[in-house]
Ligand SMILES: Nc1ncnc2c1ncn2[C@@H]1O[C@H](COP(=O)(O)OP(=O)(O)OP(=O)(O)O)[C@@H](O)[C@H]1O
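Presented as structure tokens, the chain that follows is alone, the form predicted on its own.
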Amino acid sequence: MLTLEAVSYRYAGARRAALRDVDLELRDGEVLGIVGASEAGKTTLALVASGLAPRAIGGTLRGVVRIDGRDVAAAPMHEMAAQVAIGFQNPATQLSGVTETVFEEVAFGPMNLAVPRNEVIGRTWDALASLRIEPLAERHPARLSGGQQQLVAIAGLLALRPRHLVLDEPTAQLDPAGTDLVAEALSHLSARGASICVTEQKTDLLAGLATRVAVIDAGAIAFSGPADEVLADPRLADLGVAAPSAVRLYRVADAAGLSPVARDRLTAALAEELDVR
């Protein structure tokens, strides 16, 4: 379990806190979605939850971040890396830049954690297969498209098989097909017991993936709850968050005066279309 208790964080030199009194709990096997407008604090929350802030980037942290009940304030960075993996929206910040093939890139993390050789190989092929990018195994990471690099970066995180995974807009550079692959892989990872925190602008993704959703505004949690309830909450629009396609379509159908049966059929057809994609 990963928990934030009354957490506030201020970047070095900043006048105001980027996070304010945040309380969050991420349970084992749960996918928690974080939504909010640009500059609301989503990335900062990801940095704090993963342990990178303040230890890697400075700043001031108040409150407590716990991993499996342990206060991580004094935990060495290598221990944090073995417990919590973090992924960013730009693969350039994620890839090592020292490997010659995609296979080596995906294997890089487990190797650095001294995972046995045969297990590294097995994890690497499993991660590549989960995102269906085995054909890229012998390609050079620098010679891939941005979307392919992002899938490779996420595969590297999956190969770590973390108990806790924090992702900051992981599908920002991916098309719908790539987004679906990531959602499927994350679902499998959470089914194994991993807890996953995902900050996202794509609420359609969270609608099909997240167990709970928290809305952040100006560095504070505005409200949170079950994903289906939060993503249908009319307050999202005022906080700069677009509702999922199914919710928006249902509202249009309702405004047009369609019967409840017709509305339900329409939204069911949309959900089926999204599943096909």
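The numbering used is simple: start at 1 and walk along the sequence shown. This one's a predicted model, so the numbers in the text were calculated from it and none came from an experiment.
Heads up, the form predicted in complex with this ligand isn't pictured, but that's what we're talking about next.
_Does any part of Thr44 reach within 4.5 Å of this ligand in the model of the complex? Heavy atoms only, please._
Output for Thr44 is yes: heavy atoms within 4.5 Å of this ligand.
*asked:* Residue-level contact is defined here as any heavy atom of the residue lying within 4.5 Å of this ligand in the model of the complex; does Leu24 satisfy this criterion?
replied: The answer is no: Leu24 has no heavy atom within 4.5 Å of this ligand.
*Report whether the minimum heavy atom distance between Ala14 and this ligand in the model of the complex is within 4.5 Å.*
Contact check for Ala14: yes, within 4.5 Å of this ligand in the model of the complex.
*Does Gln201 reach this ligand in the model of the complex if we count a contact as any heavy atom within 4.5 Å?*
Yes, Gln201 lies within 4.5 Å of this ligand in the model of the complex.
*asked:* Give me the residue from Ala40, Ala246, Leu32, Val230 that has a heavy atom within 4.5 Å of this ligand in the model of the complex.
replied: For this set of options, the contacting one is Ala40.
*asked:* Using a 4.5 Å heavy atom cut-off, which residue among Thr179, Gln149, Ser190, Gln89 comes into contact with this ligand in the model of the complex?
replied: Looking at the other structure, the residue within range turns out to be Gln89.
*Which of 32-40, 204-212, 230-238, 66-74 has heavy atoms within 4.5 Å of this ligand in the model of the complex?*
Only one stretch passes the 4.5 Å heavy-atom test: 32-40.
_Within 152-175, the residues that have a heavy atom no more than 4.5 Å from this ligand in the model of the complex_ = Heavy-atom contacts to this ligand in the model of the complex: only Glu169.
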